[in-house]
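Look below for two forms of one protein chain, each set out as C-alpha cells: first structure 1, then structure 2.
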Structure 1
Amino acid sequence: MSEKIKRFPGEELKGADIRVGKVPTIRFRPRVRYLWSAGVAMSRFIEGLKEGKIVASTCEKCGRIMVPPRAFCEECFKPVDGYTPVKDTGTINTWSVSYVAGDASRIKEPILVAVIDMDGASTGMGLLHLLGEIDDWKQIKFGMRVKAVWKPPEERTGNITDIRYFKPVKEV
C-alpha cells in the first residue's frame, strides 16, 4: 500500500481491479437532517391560511398589494413594507377544465381550476386554485365572483389546501 494518507474507508481501487470487475463497497448510514424554509413572505402567507386569512405583502412606494405575498416588489424592486390581510373573495381572471389528475392519469370528472384576483389586492395578483360547487363547467365566466370555502379551523395545517376551493357568489 502506498504512503498516501487514506481519506476514505475501504481499499484503494487499481486499474486491474476494474478490469476484473472488483467493486469495493462501503456501507454506512449518513445522518442527514433536512431544514426547509418557505421564506419570510410565504411563511406569513401560510400562517395566515392556518388562521383562515389570505395575507398579502404591501409596497408603499408603488402602492401594490401582492397575493401571494412576495419579499420584494417586482415593479420597483424594493423590499416590501409589510403584510396585510385581503378578503377571501375575488373574481375569476382565467380558468380551465382539466381531465388530467395531478399524477397525469386521465379522469372522468373534470377538475376546475382558476386564477382568482383577490379583492383588496392589486390588479393581476391572483391565486391559482380549485373551483367547487359548480354543476356544469359551462357556468364559469370570466369575471365571475367567487368566495373561499375553508376547512374547519381544527383541520387547517398552514397549506394552500386549507382553502378547499372557491365557490360562486351570487351578486345582490
Structure 2
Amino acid sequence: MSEKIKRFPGEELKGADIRVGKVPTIRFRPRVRYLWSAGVAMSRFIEGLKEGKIVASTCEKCGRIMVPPRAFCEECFKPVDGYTPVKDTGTINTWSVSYVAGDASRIKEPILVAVIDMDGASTGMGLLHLLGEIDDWKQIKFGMRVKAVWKPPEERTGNITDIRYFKPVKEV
C-alpha cells in the first residue's frame, strides 16, 4: 500500500480463492501431441547418436562442416554435399548456471548448460548440452576442453540425451 492509502477498497483475493471457485474460471487441458518426421539430415544425426557418433553435414561451396547437420546450407542456399562424423570433444563457447528448474522452482544443485564448439566442425558450430563432473561451477572457463559422456549403447534411443553430458578433459 502507499503512504496515503492504507487499504484499497474491495475484497482481497488469494490464490486459494481461485482454486476453490470463488472467482469463476474455466479449466481446460488441451490434447496436443506431435510426431515430427526427423527428415533426411536429422535422421542421420539420430542414427549417429545411437552409434556414439556426432554427425555433421558438409557444404563444399563455403567449406563448412555443420553441426547439428542440416540437409541444406543456409548460407549458400543449396543442398549439402555429404555427411561426416566429427569428434565428440570440443570447446566451451558460452555457458550458464541455472538455479531454477523447468517448473520455476529453485534447485540446490544447479544445472550447468553450455554451447560447445565441436572439434572437426566449423568455427562456432556444435551442440547445446549439459556439463557434468564439475565440483564447482566457478571452475568453468571460456575455451575449456570437454568430452561427451555417452550412455552405454544398449540404453541409447537416438536422442540428444544419449549423451549424458560433457565433462572437462585435460589435454595431453
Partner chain sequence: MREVAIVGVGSTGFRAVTPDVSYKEMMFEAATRAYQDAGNISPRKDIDAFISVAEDYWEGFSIFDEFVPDQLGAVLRHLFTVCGDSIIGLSTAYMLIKTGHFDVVALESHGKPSDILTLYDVVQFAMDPMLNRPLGGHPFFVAGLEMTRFLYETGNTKEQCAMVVSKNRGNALANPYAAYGADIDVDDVLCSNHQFYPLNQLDVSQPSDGGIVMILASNEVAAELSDNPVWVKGVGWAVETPSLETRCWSDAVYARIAADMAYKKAGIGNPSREVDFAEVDDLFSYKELQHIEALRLCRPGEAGLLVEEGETWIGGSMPVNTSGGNLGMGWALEASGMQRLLETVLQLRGEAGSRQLSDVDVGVAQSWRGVPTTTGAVAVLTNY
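For clarity, a rigid core is taken as the largest C-alpha set superposing within 1.5 Å between two forms. All values reported here derive from a predicted model rather than from experimental measurement. Counting starts at 1 and follows the sequence of structure 1.
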- Quick one, which of these two is the form predicted on its own? 1
- Post core alignment: residue 155 C-alpha displaced by 2 Å or more between structures 1 and 2: no
- Item | residue 103 C-alpha moves between structures 1 and 2 by 2 Å or more, core aligned | yes
- Message: Keeping the rigid core superposed, can you check how far the CA atom of residue 36 moves between structures 1 and 2, in angstrom?
- Response: 3.2
- Query: Cα shift of residue 17 between structures 1 and 2 after core superposition, in Å?
  - Reply: 34.7
